[in-house]
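We begin with a single chain expressed as structure tokens, specifically the form predicted on its own.
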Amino acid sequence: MSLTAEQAKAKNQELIKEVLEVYPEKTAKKRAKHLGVYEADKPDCSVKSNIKSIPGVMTIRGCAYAGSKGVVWGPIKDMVHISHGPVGCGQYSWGSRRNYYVGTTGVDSFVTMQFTSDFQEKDIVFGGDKKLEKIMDEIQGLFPLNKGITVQSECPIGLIGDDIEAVSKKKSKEFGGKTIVPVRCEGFRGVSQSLGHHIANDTIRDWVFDKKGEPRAFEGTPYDVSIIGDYNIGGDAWASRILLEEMGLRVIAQWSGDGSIAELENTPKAKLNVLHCYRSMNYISRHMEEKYGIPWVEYNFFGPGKIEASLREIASHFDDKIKEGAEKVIAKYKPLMQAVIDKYKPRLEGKRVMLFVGGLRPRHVIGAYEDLGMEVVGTGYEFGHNDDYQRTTHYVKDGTLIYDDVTGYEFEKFVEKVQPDLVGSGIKEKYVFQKMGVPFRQMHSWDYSGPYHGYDGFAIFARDMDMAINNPVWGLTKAPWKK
């Protein structure tokens, strides 16, 4: 039986109080600021965010290096991205996000390859600048079709003070003006991977947009748009691009899934930037608006309800031809989406979901669940800022449990007490909850499925949620509270 909003608020407030009791007083006081219950008409979710995690309390965040190499720069396919430092960071971030791309790996595309400077003790003592130069020479010889190089700094680089900017400028000159970008994304910077996004955005501004030399030849149209903040996980950007092109727009750049350095350079010629992942790419979108006068609009392509609203919002920035095109696209896919809903909604209606993800997913996927008759009863961000929680108020219901930078202990307790039908989070949480007997979907990389964006993606999303929740295995693996 569903609780009223007031009942949900009271129950969740009591749950938060119970969870905090295990901590020492000082820790409990700090963690209390990150846990809350959404109250309708409030401007945000009333939780603190973007604050460093408490030492000794295990949370689920990434670092600045992860934000730059794993998210923003790593999916650019025709550039070589050097993990500059010890081998571990590069190995851990190697090919883990399924950023699909078109190209020949090792010839003109390098996303699924790992390049590392493999720092040893002597490099820490004597510095790694000469080693970095040698690596760039090797890359140029082994992979001559690469269109550029980035240097993704790991923690030791900032600590020993290597001058990666000087090396990059020197080698760029030697290689005939090739784009070589030094990225100061050492893992210790900031409180999470979020600062890595910002740093990477700034390097695109400084080393790509502001690069001196002859501008790339480009013939524009009135309908040029760029997809910003879609990393093509499982083909997401392709599914989104289909809809934009069907409504009459021309996509001149994808950032950064299946993206190229040429597309980055073309982006300041767009008429509109359409932004999917606000957290990782709002910085460069704002810069392009201020410097080049390019407006940007957020969109949400999870589930038919949000897709319809987003297509109309994007079309509103163009003429009647595009507005009519958007309506044709919506009409074309409506019966297909209704068939998906008719098939899966009877099996999923009333099921309750708890989310904990990064980027935009803690809010954006809520509409897709609701299209299937499901209810999101708890959500939170790994590295969200207050403006993310402000945007979340447009998606969550009164009384929803909110948890920022949740700890492993807190999340387990919340799931144990709320007893959702499904948890959507990351790989670090997946096996914990499956062993607890709780259906789980990996909502960072779609559990090796996808796409989930666009109309094509919604059919796959619905199938996967049904497959997770209604799998007969859960009759054999009982949750502790069902024994």
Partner chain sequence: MSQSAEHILDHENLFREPEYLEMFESKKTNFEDPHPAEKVAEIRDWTKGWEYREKNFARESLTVNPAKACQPLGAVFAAVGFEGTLPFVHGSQGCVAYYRSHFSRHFKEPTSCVSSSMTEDAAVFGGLNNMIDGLANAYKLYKPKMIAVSTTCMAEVIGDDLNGFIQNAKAKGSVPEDFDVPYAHTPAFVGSHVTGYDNALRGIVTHFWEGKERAPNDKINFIGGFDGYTVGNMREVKRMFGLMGVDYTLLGDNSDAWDTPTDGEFRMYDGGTTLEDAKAALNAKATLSMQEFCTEKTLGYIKERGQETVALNHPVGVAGTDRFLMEVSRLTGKAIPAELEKERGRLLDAIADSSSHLHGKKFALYGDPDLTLGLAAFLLELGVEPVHVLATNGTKDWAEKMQALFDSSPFGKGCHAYAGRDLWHMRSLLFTEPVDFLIGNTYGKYLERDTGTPLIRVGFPIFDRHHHHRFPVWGYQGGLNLLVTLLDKVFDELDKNTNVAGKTDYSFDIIR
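Numbering follows the first chain given and starts at 1. These numbers were taken from a predicted model, which means no experiment stands behind them.
Another form exists, predicted together with the partner chain; not displayed. Remarks below refer to it.
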Exercise for the section: Tell me, yes or no, whether residue 449 is in contact with the partner chain in the model of the complex, where a contact means a heavy atom of each within 4.5 Å. Expected result: yes
Practice task
Answer yes if any heavy atom of residue 292 is within 4.5 Å of a heavy atom of the partner chain in the model of the complex; otherwise answer no.
Solution key: no
Handout entry: 4.5 Å heavy atom contact, residue 11 and the partner chain in the model of the complex
Key = no
Practice task
Spell out, yes or no, whether the shortest heavy atom distance between residue 141 and the partner chain in the model of the complex is within 4.5 Å.
Solution key: yes
Practice task
Identify, from the list 118, 308, 163, 387, the residue with a heavy atom within 4.5 Å of the partner chain in the model of the complex.
Solution key: 118
Practice task
Quick one: from 86, 268, 248, 127, grab the residue that has a heavy atom within 4.5 Å of the partner chain in the model of the complex.
Solution key: 86
Practice task
Spot the stretch among 357-365, 234-242, 204-212, 167-175 with residues whose non-hydrogen atoms come within 4.5 Å of the partner chain in the model of the complex.
Solution key: 234-242
Handout entry: Sequence-ordered list of residues in 417-440 near the partner chain in the model of the complex, where near means a heavy atom within 4.5 Å
Key = 427, 428, 431, 432, 434, 435, 436, 437
